[in-house]
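Below you'll find only one chain, the form predicted alone, shown as structure tokens.
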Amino acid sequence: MIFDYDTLKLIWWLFVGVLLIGFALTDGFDLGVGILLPFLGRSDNERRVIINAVGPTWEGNQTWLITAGGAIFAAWPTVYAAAFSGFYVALLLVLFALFFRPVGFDYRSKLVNPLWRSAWDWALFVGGFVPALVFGIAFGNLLQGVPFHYDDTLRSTYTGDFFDLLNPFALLVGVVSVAMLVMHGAIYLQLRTEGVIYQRAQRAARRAGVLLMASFAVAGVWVAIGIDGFRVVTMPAADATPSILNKTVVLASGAWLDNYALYPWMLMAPLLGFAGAVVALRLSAAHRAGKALVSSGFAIAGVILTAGFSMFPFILPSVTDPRSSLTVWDATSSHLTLSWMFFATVFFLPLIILYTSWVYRVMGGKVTEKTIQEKQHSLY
């Protein structure tokens, strides 16, 4: 094996983080554009411009979500089992909302009927808003701990329900998620459109960016003084029989800030979240949409890394029985599995990134109302 087991566990924590950030950076602006669609497009042609701004790439972007889910299943099978069982209703809600996207894109312009097209426009809004909100709510609940536990035979039991997920802090994190992706989507529309849509997108980016920074700051203060974090007190001895329950975990005020005291360089994550948003909005206002989109991407990476750094080494903390919490060290697949997955990822991930970059280059350029009129029957 090229890496020892503990090193591979850490590498796969990083890989899953990369996949989640990749999803937020690519499919994130698709979701943001879907949320903005009914509000920035005032005519049918304007809405078709907005739809076709993401039309060539949205399907490829969505594969990042599928890849992230597959990576969690393979690298963290116990996390996959516990999380997908506990968040079952929420994940079904996301799945049903995502159903609107392919159908909406493909069938929206098939009929020249205002009611038909308006209905699909709002369906695409749902397909963007619901996943963005639910993903944020999920992270909000992870920071508070999930009500599940393992018995002595390592069977997990989830004791909460869907409505427990909709608590104030989780909804606030949902606002952070929606604002983040709306800002990203609005800046992407600046890059791909012109005229009145460009101007409306610029205003939307400014409002979403201010909301992102405000809600992110409030969430940070709430985590620091209003939420008990999780802390590993003792881990099993090296020669002990491996078991999820063979550790001691406590809830403590301010525990989610421990890593920033131990590793001050991690403070770069929240700083990147704020700085990226500020720079993105300044570049957006200066009509430099390409660089603004890059800065918006840094803001997204900073927000997601802040959550990851705060929780490390926890992946799925348990508020019911803290020792049942799943961590990077006890929730992973075997050494052999992680090794084979590592080699596959090192080989295929650069190819995927290169292909995606090529697609964006080929499919780039402005989408205008003139383009829509000239290609009425070949565009969405």
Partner chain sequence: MVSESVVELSRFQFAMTAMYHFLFVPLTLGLAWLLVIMESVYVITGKQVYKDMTRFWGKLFGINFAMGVTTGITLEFQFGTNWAYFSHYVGDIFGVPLAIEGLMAFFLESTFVGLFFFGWERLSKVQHLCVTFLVALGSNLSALWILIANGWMQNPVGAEFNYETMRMELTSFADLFFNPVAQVKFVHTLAAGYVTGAMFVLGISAYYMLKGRDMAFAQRSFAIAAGFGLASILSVIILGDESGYELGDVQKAKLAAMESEWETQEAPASFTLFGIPNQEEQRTDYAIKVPFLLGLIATRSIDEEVTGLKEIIAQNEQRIRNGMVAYATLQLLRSGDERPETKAVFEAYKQDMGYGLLLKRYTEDVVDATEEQIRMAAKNSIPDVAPVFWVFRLMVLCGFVLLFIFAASFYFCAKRVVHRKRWLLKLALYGIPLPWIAIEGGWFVAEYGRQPWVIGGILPTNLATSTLDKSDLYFSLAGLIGFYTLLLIIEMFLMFKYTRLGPSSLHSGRYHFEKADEGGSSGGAALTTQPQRPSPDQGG
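Since the model is a prediction, treat every value here as computed from it, not as a measurement. Positions refer to the first chain, counted from 1.
Unshown form predicted in complex with its partner chain; subsequent notes refer to it.
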item	value
Asn167: touches its partner chain in the predicted complex, heavy atom cutoff 4.5 angstroms	no
Partner contact for Phe298 in the predicted complex: its partner chain, 4.5 angstroms, heavy atom	no
Non-hydrogen atom contact Phe312 with its partner chain in the predicted complex at 4.5 angstroms	no
Exercise: Gln62 in contact with its partner chain in the predicted complex, heavy atom 4.5 Å	yes
Three-residue site Phe3, Tyr198 and Val279 fully in contact with its partner chain in the predicted complex at 4.5 Å by heavy atom	no
Contact stretch among 213-221, 253-261, 226-234, 149-157 - heavy atom within 4.5 Å of its partner chain in the predicted complex	149-157
Selected contact from Ala275, Val294, Leu171, Leu91, since only one has a non-hydrogen atom within 4.5 angstroms of its partner chain in the predicted complex	Leu91
Members of 173-188 lying within 4.5 angstroms of its partner chain, judged by heavy atom, in the predicted complex	none
